[in-house]
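One chain comes next, on its own, written out as structure tokens in the form predicted alone.
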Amino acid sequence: MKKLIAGLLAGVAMAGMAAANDSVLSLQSNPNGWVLQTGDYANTRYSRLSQINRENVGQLQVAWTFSTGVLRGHEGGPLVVGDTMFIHTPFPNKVYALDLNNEGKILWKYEPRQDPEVIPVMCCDTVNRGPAYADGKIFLHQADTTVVALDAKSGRVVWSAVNGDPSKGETNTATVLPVKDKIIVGISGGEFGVQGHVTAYDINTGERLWRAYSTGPDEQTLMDPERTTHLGRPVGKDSGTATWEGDQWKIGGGTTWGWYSYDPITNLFYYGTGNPSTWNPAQRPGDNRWSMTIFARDADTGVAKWVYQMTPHDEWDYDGVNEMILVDQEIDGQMRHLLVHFDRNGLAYTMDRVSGELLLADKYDRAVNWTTGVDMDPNSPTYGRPAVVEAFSTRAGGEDVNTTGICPAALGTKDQQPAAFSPRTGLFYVPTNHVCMDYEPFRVSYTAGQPYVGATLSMYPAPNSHGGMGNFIAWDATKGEFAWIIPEEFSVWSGALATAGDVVFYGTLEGFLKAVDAETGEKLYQFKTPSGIIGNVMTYSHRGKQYVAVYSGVGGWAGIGLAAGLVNPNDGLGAVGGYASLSDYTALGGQLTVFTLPN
């Protein structure tokens, strides 16, 4: 296997300049459409459209709406390709194609038949972060792990493949990444003790081409012990098992339910892995590699070029799955090819995306207290590791001990809600949670398909602050500094959008779509939609007119109490109690709202 991986790695240099999927490259360069959930391969969520700008955004009005016919949390957002909009729903994962030339007439609807028994196996609501488009097809990864390719004109199923087994706790909530002749997909189920992985399928046939696990021996993780690096050093033989006790890596979590980015120049794709199983750290001694890790993998072979574990031996459920944003910016007078990542653990990482060098790691919420910071000395034996504050260590506290006042809470300073980047300002716009927690681990046994959590949590607003549970921030990733901060009553669970009109959009859990000035953060516009917004704002242009669109439909982890009708404060892994007052502001619903300027 070592020789095979070495041979595959040798081919990376030859493949480095290979084109990404041509249809995606062409469409992402056209600002009139929106071909990927994150807007482009780099995950910038930036639009070059400027018809709506800071001078006139206050005049926005609703152009049209569409009811999805489904309740629960509506994450992700619409796609626009040519004259067609594609929208999706939470379970049962319907997909609609709407004719933008005919007042949103439904061209076709895809409604999969899924076993409802998958619902109890889905952690934190029945959300889905949406399909992607490539080569005339819409690609969707369903809750039951079925990957489907739909003909974009007719909705006909071209092919389907089964990516996991819900009876073991494997499900899906994520979008997919079309790269060249492949569709790359992840897996959910970290709270059920699954072994996380990413998998590539042939874009035309659905044939499985490779699978790379987060934990396990080298032949499963697709890592070369001598050429795959961690902070510039070879990872060593079977690094995916060496820091686990016995065979715990087989149920070690490290799931891959977040976002994926891709660099066509290096042919590397980037993503993060989730928490190790179980949430009780006493039951899994060691660093638990490669959970909580940023991966850079070759898109052709799946072989890892470099990794970086952000939270070794996680004690707080700080999944590392948030988006990796790829930008080129100057640091210390030198232009660098950067990867910027806002992690659940409350640290914002700026890295060299080619080499994996760690450049900056700074707190992007002042309440973060579980660590004093990351060791940035390359010559130190603890280089790249966060220094843990013992008072907030659930391992140090021990089993059946309630460790209090930990910031951030398990849902992190930012969960999956994606940030945006504006090349005009050089700033990142980040929706955040301003939430802390109490955490009591307890011993739990593993049974396939049953929850494998082992902790009781309670959540509440960060103390000694503005009293709310969220902030929307502008961040300079070249300095590790805030540009400005907007306090919010609840977590900002909506994905941001930045535009060439120097406007930044985001949604709130109460249901407001908000527009702010990209340079100052000044509020320019807000509109109350029918339900809380956890969807991601997008924009497109049709017949010369710019539109802004967003889903409303409260849910997700923060809104799980409303979405699932839960009332016990400790349910929803602690979120129900923390967000109990959300029901005073909004109710369930599923709707697309589209805005534009008046004629």
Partner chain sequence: MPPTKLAATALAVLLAITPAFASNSDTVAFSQEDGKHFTVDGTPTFYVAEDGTVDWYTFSGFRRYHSECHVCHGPDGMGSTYAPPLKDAVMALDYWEFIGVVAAGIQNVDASHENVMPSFGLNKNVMCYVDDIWIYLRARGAGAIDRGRPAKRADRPESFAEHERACMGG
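Positions refer to the first chain, counted from 1. These numbers come from a predicted model, not from an experiment.
As for the form predicted together with its partner chain, it is not shown, yet the points below apply to it.
Of the candidate stretches 261-269, 397-405, 330-338, 288-296, only 397-405 has residues with heavy atoms within 4.5 Å of its partner chain in the predicted bound form. Put simply, residue 125 is close to its partner chain in the predicted bound form: some heavy atom of it is within 4.5 Å. Within 4.5 Å of some heavy atom of its partner chain in the predicted bound form lies at least one heavy atom of residue 119. At a distance threshold of 4.5 angstroms between non-hydrogen atoms, residue 564 is in contact with its partner chain in the predicted bound form. In the predicted bound form, its partner chain sits beyond 4.5 Å of every heavy atom of residue 80. Checking 520, 146, 372, 456 for any heavy atom within 4.5 Å of its partner chain in the predicted bound form turns up a single hit: 456. Of the candidates 244, 210, 91, 512, 91 is the one whose heavy atoms come within 4.5 Å of its partner chain in the predicted bound form; the others do not. Taking its partner chain as positioned in the predicted bound form, the residues of 434-454 that bring a heavy atom within 4.5 Å of it are, in sequence order, 440, 442, 443, 444, 445, 447, 450, 451, 453, 454. Relative to what is shown, residue 562 and residue 488 are closer in the predicted bound form; their C-alpha atoms differ in spacing by at least 3 Å. If you compare C-alpha positions, residue 459 and residue 561 are 3 angstroms or more closer together in the predicted bound form than in the form on display.
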